[in-house]
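Before any questions on how it binds or moves, here is one chain, the form predicted on its own, in structure tokens.
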Amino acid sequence: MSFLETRDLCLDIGGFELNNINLRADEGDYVALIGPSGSGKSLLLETLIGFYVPEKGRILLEEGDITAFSPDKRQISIVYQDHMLFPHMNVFENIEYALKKKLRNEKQLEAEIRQIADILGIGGLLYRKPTTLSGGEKQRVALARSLVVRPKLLLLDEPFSALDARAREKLRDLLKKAISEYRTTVLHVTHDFEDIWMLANRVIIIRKGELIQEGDPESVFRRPSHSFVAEFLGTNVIKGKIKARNGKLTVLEAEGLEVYSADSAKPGEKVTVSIRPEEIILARTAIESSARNILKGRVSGILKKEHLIVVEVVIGNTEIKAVITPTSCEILDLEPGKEIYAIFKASNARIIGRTGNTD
């Protein structure tokens, strides 16, 4: 049986809902929960911790039914984006607040506080007020306050979203260390895919209160279950009709281009193909390689995304996106209107949807 399990969880609070959520997590899992705004991610966390009572369904933790438990009886902690520290208390007192209910021995209490403070790099801030701290330091205090009570489950609701890229990177490293030390199971709502790749061993996608797809990050990103998931994950989606079966390869005919896929399909079948942007190589010439797809197009847009560059390329009547480094962009001398080749392997063109034969 799973460490955390929800069975047919349902709740509607007006505009936000959960529809028969069946979620499972093993002990020690770090689960990233992603989906569009308003899809019910935060509502799910707040139902797990006990702020809302489900209209239907059950919540089990370590095989025990906690559905009717009050929040203070669940041994679950939550950290929000805005950290919610007590402004009149110093850092030590903020971390101590919840722990005082659990520990009476002052020496043991102080030792626990200093341990988590040292792990999260705030040992030198214990007697400062929250108003004197940076955003990243405040969030570390909030994490320390949640972890110091050694919860069975830690819920994170976009805790890094208000931080700059450098602060997010540092906090991820510190959180990873703290989670390992405290052996806590985590459910993390995020919109930043870097959180998934850096922290999570599982990812769950939710839409309109329903679980759409789950699995390890590699499998979910590389083979989304359908077009919505692919588009949400930033994957290129191409729809067309199977033209032919060429040996072990399938030839897809879309608007203005042909794509080779290693997945099997029948001629005449209408399919949807996904291609991850980072699996596309851009080149100024049609270079020889093992890649079967060498498509000629023109650059339509160049977007900077943190430490990477997203290049939009129009091929025929289809636009695809590739992700490259700033150095590669400079070497290729890319700008809108320039001719470019998009190159990718047939194994990276994955058939994720079928609508039947059109013949």
Partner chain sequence: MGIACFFTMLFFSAAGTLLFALKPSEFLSSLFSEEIIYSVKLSMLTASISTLLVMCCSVPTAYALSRFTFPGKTLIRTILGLPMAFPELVMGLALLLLFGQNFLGPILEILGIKVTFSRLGIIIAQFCIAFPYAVKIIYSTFEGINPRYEQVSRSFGYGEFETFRKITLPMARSGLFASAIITFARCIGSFGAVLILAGGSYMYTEVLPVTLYLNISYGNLEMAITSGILLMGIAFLAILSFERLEGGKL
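Positions refer to the first chain, counted from 1. The shown structure was predicted, so the numbers you read here are calculated from the model rather than taken from an experiment.
Keep in mind that the form predicted together with the partner chain is not shown, yet the notes after this line are about it.
- Across the options 280-288, 179-187, 267-275, 75-83, residues that bring heavy atoms within 4.5 Å of the partner chain in the predicted complex belong to 75-83.
- Contact with the partner chain in the predicted complex, judged by any heavy atom within 4.5 Å, is made by just one of S37, T325, N317, S70: S70.
- Between the options A165, A262, A244, A98, the residue in contact with the partner chain in the predicted complex by a heavy atom within 4.5 angstroms is A98.
- Judged against the partner chain in the predicted complex with a 4.5 angstroms heavy atom cut-off, the residues I49, M89 and D157 are in contact without exception.
- In the predicted complex, the partner chain lies within 4.5 Å of some heavy atom of V149.
- In the predicted complex, the partner chain stays beyond 4.5 Å of every heavy atom belonging to R140.
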